[in-house]
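This document starts with one chain, in the form predicted alone, laid out as structure tokens.
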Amino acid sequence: MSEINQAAQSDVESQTDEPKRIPQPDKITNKDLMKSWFGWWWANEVNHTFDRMLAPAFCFGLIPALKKLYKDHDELAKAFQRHLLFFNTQATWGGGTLTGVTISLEEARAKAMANGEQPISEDMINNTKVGLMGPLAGIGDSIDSGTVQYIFIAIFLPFAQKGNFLGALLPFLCFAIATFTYGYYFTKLGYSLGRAAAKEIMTGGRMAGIIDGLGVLGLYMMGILAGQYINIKSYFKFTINDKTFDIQQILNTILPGILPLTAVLLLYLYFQKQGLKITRGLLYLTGALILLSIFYII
């Protein structure tokens, strides 16, 4: 009887010494990428915390993909924990790209663990996120917040001026649709290219062309706004030999819109020299306009 107990005990010990088998991950599909992107896009500012910033939203977005990659409960819990660390980036260019890149790295780690190979380390996944979230955020903020949204505002501003509620609704709606669309593209790009996706976005010829084109279009729309909605006229007149000269009429025959353009260029040069001190620049511009209006120059 004792020999049987010893044999059973040794059998149990041999089983516990065996390495834990990790199930093979399921294949990540475009539907999974869409779920992860939509989860991040929808929640990226909902659960914004001081210590983790946007990490809860990022982890929430990754849940559909992580559940397909890690069938083992312990490994899934570890994945959740490492994506709850500090994370902060721009929603589309940063968040979309890093969603795809992270899923790609997590899939490589899950496959390696299931095949008994050396997996990608957790530090590598986290360091990739931390290293890329800043540069990608800078690109996204300048393009989305500094260019794209103002293009839609300029397009629908005439609606608002006429009292049509679509002037307030359509810029928001079009901006949301546009950012969601190319944010999903960045998610797929990040997944297919892995860490190389950030290099493609920041230095790739195709993306560089898109960024330059958006910049030119943004400047074009700002020029339209300056010419159409900035109204500066000169009321200065003088008489020579009983002939009255109207400065505004003279300017209209030479170069219409020169006064609004001059005001915009002076403000632009001020920002170039002194930095983006918006409040101070507007105060200087307002003071100059008041002073000129006192003498009926404008």
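Throughout, rigid core stands for the largest set of C-alpha atoms superposing within 1.5 Å between the two forms. As the structure is a computational prediction, the values presented were derived from the model and not from experiment. Just count from 1 along the sequence shown to find any residue number.
What follows is about the form predicted together with a further copy of the same chain, which we do not show.
Enquirer: Any chance M113 has a heavy atom within 4.5 Å of a further copy of the same chain in the predicted bound form?
Expert: Contact with a further copy of the same chain, no.
Enquirer: Closest heavy atom of Y185 to a further copy of the same chain in the predicted bound form, within 4.5 Å or not?
Expert: No.
Enquirer: Give a yes/no on whether S142 approaches a further copy of the same chain to within 4.5 Å in the predicted bound form, heavy atoms considered.
Expert: S142: yes, in contact with a further copy of the same chain in the predicted bound form.
Enquirer: Give a yes or no for I155: in the predicted bound form, does one of its heavy atoms lie within 4.5 Å of a heavy atom belonging to a further copy of the same chain?
Expert: Taking the distances in the predicted bound form, the answer for I155 is yes, it comes within 4.5 Å of a further copy of the same chain.
Enquirer: So which residues in 234-259, when you check a further copy of the same chain in the predicted bound form, have a heavy atom no farther than 4.5 Å from it?
Expert: Residues within 4.5 Å: F238, I240, N241, K243, F245, I250, T253, I254.
Enquirer: State yes or no: after fitting on the rigid core, is the Cα displacement of R52 between this form and the one not shown at least 2 Å?
Expert: After core superposition, the displacement of the R52 C-alpha between this form and the one not shown stays below 2 Å, so no.
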